[in-house]
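In structure tokens, one chain follows: the form predicted on its own.
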Amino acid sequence: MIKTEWTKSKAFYDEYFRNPNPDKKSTHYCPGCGHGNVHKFMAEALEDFGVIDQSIIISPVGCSVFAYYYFDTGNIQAAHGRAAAVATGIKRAHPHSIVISYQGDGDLAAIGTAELIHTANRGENITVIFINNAIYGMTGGQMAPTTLLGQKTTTSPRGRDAANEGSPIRVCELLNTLDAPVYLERVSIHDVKSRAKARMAVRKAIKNQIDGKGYSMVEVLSPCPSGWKMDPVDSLKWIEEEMMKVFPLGVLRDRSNEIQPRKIEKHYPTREEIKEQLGLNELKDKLYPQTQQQQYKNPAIKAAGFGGQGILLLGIGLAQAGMMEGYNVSWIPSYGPEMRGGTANCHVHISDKIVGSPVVSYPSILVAMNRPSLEKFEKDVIPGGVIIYDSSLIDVKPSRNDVEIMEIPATKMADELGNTRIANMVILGALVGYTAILNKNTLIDTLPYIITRQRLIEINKKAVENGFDFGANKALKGCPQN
């Protein structure tokens, strides 16, 4: 006797332990919601193709985010609208993974429009599952880019008006104007026959990625009874009677059989190629000797101050000099929208080891060029670390007594040289003079690479030299702990 046993796909968790609801066995979507159907199609495909363990689902803000409750795959939540961009990064970093961008219309066709179009235009080898329910389902039933003309929502209470809100956006048709997409199809899940077609479309979109064919997107007309204020049965009829008039079903493009599989070839650049790309061959094709002392070895540096003080340039100078001495370096900025007067800081690593992250949460060296920066970041400096601050502008002393502290009247020294704006170079020199994490000659030879105006190189050189001498003298005398 043949017995068929229907079980839940292995692509789902046995128990939905991430779901905060007490019931860990059931999904939480509203009655009649279409997400569960599409989840089932995706899970079956991933299991049948044997790619569960190499699959990563990217989901942004909206009901789509709850996919991570249920899928026993890799899951990454993206910021609103950014799923396609995140999927691109993940696919390029892990080209053998199966990356699915799972998005709703309020996300994909509104705040995510730019990411959607450019990802498709590049022909990224990913799969996009687009849930079109013509409304913002999660956040209160507002009008979406796909809301129908005349459809009432919380933000279009009299119905969508083309003269006021524009017409619904047909995403598949929009992407069909591009050259790169391989497969675009719009399906529905309003009846059994349509669900069968939707299931096959989802499978095809995933299989295309497995075969290296390129960009595939399936748009699914899906019910949202809660957002539409309908019972589940009526919501299915509404898809057939209203949505399909505006969003006709069918395959808009299918070049799957024409496209040859992409060859994934990783390129590992040689040291010579890296030097050529970074312009290091101009430095007589050799690196400067490394000089780091054990006490300050492999520093994690945070420099902070006001926008306009040259904080970011200071960090770039450190990173460039470190690179010229053959260290692994990283530099990452953080600044406000103001060009002048806003907050600015940067993170720098100079290490003989591989740098795992460019972020410096707990600096071994802190440079503070204004009082707010000193007060904000001094608590983060590791015990035994170094705080360097501009005493010309900061009228308080650091409160730490377990770190080395070097105060330097950097702005005053810069003013004496004729330009207060080179205080950052004074501090750059002082930092290196005090800690000897880099060679003085390296700093000097770094300047033409970071100072764009050649006429300013000489005064910046003087600033670095004066700062270096100041820091070196402090090191000889021994900076006190506060």
Partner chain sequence: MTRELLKGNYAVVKGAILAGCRLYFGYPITPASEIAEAASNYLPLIGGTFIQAESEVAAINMLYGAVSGGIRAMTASSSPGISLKQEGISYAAGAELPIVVVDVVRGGPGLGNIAPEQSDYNQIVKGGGHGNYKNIVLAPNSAQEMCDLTRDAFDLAFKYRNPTFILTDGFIGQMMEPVSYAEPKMEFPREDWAVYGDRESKRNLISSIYLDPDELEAHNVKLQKKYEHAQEKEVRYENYHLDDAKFVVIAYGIVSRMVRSAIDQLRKEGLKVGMLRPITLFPFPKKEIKEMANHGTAFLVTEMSNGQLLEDVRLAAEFKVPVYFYNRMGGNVPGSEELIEQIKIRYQQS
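For the two forms, the rigid core is made up of the largest set of C-alpha atoms that agree within 1.5 Å on superposition. Residue numbers count along the first chain shown, from 1. Only a predicted model underlies this, so the values are computations on that prediction, with no experimental measurement involved.
Just so it is clear, the following notes concern the form predicted in complex with the partner chain, a form of the same protein that is not shown.
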Since the partner isn't included here, can you check whether the partner chain sits close to all of Tyr69, Ile76 and Ala85 in the model of the complex (heavy atom within 4.5 Å for each)? yes
Using a 4.5 Å heavy atom cut-off, which residue among Gln294, Thr270, Asn164, Asn257 comes into contact with the partner chain in the model of the complex? Thr270
Considering the partner chain in the model of the complex, which of Phe247, Trp228, Tyr327, Tyr136 comes within 4.5 Å of it through any heavy atom? Tyr327
Hey, in the model of the complex, is Glu185 touching the partner chain, heavy atoms inside 4.5 Å? no
Might Ile457 be said to contact the partner chain in the model of the complex, defining contact as any heavy atom within 4.5 Å? no
Would Leu393 count as a contact of the partner chain in the model of the complex, using a 4.5 angstroms cut-off between non-hydrogen atoms? no
State yes or no: in the model of the complex, is some non-hydrogen atom of Lys24 no more than 4.5 angstroms from a non-hydrogen atom of the partner chain? no
Among 95 to 103, 189 to 197, 405 to 413, 297 to 305, mark the stretch whose residues have heavy atoms within 4.5 Å of the partner chain in the model of the complex. 95 to 103
Near the partner chain in the model of the complex, with a heavy atom at 4.5 Å or closer, the residues from 294 to 323 are Ile316, Ala319, Gln320, Met323
With both forms fitted on the core, give yes or no for whether the Cα of Glu241 moves by 2 angstroms or more between this form and the one not shown. no
Please state whether Pro269 has a C-alpha shift of 2 Å or more between this form and the one not shown, with the rigid core used for the fit. yes
Large Cα shift (2 Å or above) at Tyr327 between this form and the one not shown, core-fitted: yes
